[in-house]
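One chain follows as structure tokens, the form predicted alone.
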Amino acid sequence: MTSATAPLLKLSGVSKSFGPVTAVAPLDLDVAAGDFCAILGPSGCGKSTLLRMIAGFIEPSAGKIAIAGQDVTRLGPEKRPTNMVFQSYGLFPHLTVAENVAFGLALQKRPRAEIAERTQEALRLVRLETFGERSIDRLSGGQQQRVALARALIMRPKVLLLDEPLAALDLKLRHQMQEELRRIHQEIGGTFIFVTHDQSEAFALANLVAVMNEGKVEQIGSPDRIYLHPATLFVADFVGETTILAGERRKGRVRLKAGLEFDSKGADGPVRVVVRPERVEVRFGGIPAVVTDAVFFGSSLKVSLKLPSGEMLILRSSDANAGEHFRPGANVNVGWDAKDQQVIDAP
């Protein structure tokens, strides 16, 4: 959904410090109209602080935030074309579902007919059109999350901000709500910014992912780019299963401790080679390895292999009958295509 036109949301050199502590280092981020952008990272990495700066709840220490070409850096949240859905929902227990959804429009003193029409429209969007008169305490966690979403969407924000809104739900309900969020995003064509620490959730929802670590953005790109071509060792290790092998580059050629050699452009020095498990295969003449463990997951088999260097390599096979070939202690030869590896200079 990215576009050659000016981004809807543009962050330029935005940072935030609390005294001597840097919560968010200076960063740039462009989000186009219609994008679903996930800000992904571990707890404490600064992703929620970044989201709150976009919302206007926290003022940046430096930098500029623009939405639809307007500088909103110093504007409060009520003056920005954004709305936020919080992890805690923040619903009013003394109001009905419809009254909760309509709350923002009521504060604006919009005409009653308009409020009624837009409330029903928002409830229909989250598939709660028959729940308008129900009290909040009669709703499940997933239904409450939908009410919170409808309350934000009814204000028709240019940018919808979601701060780990599915974290309190059980696994099955989280997957259901992921489907709902994807459907709603496609139906309204809105621009969503979604904070999460769950990389599978980020990949399931977003077309643009910003990976954060210790206040810094390590990489921004599409989910497949982030997964297949991690820019840093942190991204490689944080996003999905992976094997990271040590090696040395000399005069345009890398030699791994495991014994493999290949051409690689770049400066001389230590490197790490990143290989995803599903790219590894049994290969005649490949690196010798010993099977240490094999776990069946139904749709795949995860095999742990010990290399001559003492390093561990993960292989994931979709062959349901592969288990008989990967008994612990078995000797196999493995390899992968050069296009399926990522060479990263070691720090």
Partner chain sequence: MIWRVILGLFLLFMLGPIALVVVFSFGANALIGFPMGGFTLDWYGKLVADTGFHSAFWTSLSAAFSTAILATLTGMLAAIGLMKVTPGATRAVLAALALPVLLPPLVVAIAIVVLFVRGLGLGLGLPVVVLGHILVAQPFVILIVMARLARFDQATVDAARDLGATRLAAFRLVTLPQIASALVGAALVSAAISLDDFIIASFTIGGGNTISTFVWGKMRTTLDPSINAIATILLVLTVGLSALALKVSKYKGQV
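Take the two forms, find the largest set of C-alpha atoms that superpose within 1.5 Å, and that set is the rigid core. As the structure is a computational prediction, the values presented were derived from the model and not from experiment. Numbering follows the first chain given and starts at 1.
Quick note: we don't show the form predicted together with its partner chain, though the next part is all about it.
Chemist: Could you spot which one of 168, 246, 188, 155 gets a heavy atom to within 4.5 Å of its partner chain in the predicted complex?
Modeler: None of the others qualify; the residue that does is 155.
Chemist: Give me the residue from 94, 112, 172, 250 that has a heavy atom within 4.5 Å of its partner chain in the predicted complex.
Modeler: Looking at 94, 112, 172, 250 one by one, just 94 meets the 4.5 Å heavy-atom criterion.
Chemist: Against its partner chain in the predicted complex, would residue 107 count as a contact residue? Criterion: heavy atoms within 4.5 Å.
Modeler: Judged by the heavy-atom cut-off of 4.5 Å, residue 107 is in contact with its partner chain in the predicted complex.
Chemist: Though only this chain appears here, would residue 88 touch its partner chain in the predicted complex if you measure heavy atom gaps against 4.5 Å?
Modeler: Judged by the heavy-atom cut-off of 4.5 Å, residue 88 is in contact with its partner chain in the predicted complex.
Chemist: So, residue 84 and its partner chain: in the predicted complex, are they within 4.5 Å at any heavy atom pair?
Modeler: Answer yes; at least one heavy atom of residue 84 falls within 4.5 Å of its partner chain in the predicted complex.
Chemist: Taking 4.5 angstroms as the cut-off for heavy atoms, does residue 141 touch its partner chain in the predicted complex?
Modeler: Judged by the heavy-atom cut-off of 4.5 Å, residue 141 is well away from its partner chain in the predicted complex.
Chemist: Whether 57, 78 and 151 jointly form a contact site for its partner chain in the predicted complex is the question; each needs a heavy atom within 4.5 Å.
Modeler: The answer is yes; 57, 78 and 151 each reach its partner chain.
Chemist: Which one of these stretches, 198-206, 70-78, 178-186, 250-258, sits within 4.5 Å of its partner chain in the predicted complex when only heavy atoms are counted?
Modeler: That would be 70-78.
Chemist: Output the sequence-ordered list of residues from 39-53 with at least one heavy atom within 4.5 Å of its partner chain in the predicted complex.
Modeler: Just 52.
Chemist: Comparing between the shown form and the other one on the rigid core, is the C-alpha shift at residue 94 2 Å or larger?
Modeler: Result for residue 94: yes, a 2 Å-plus shift.
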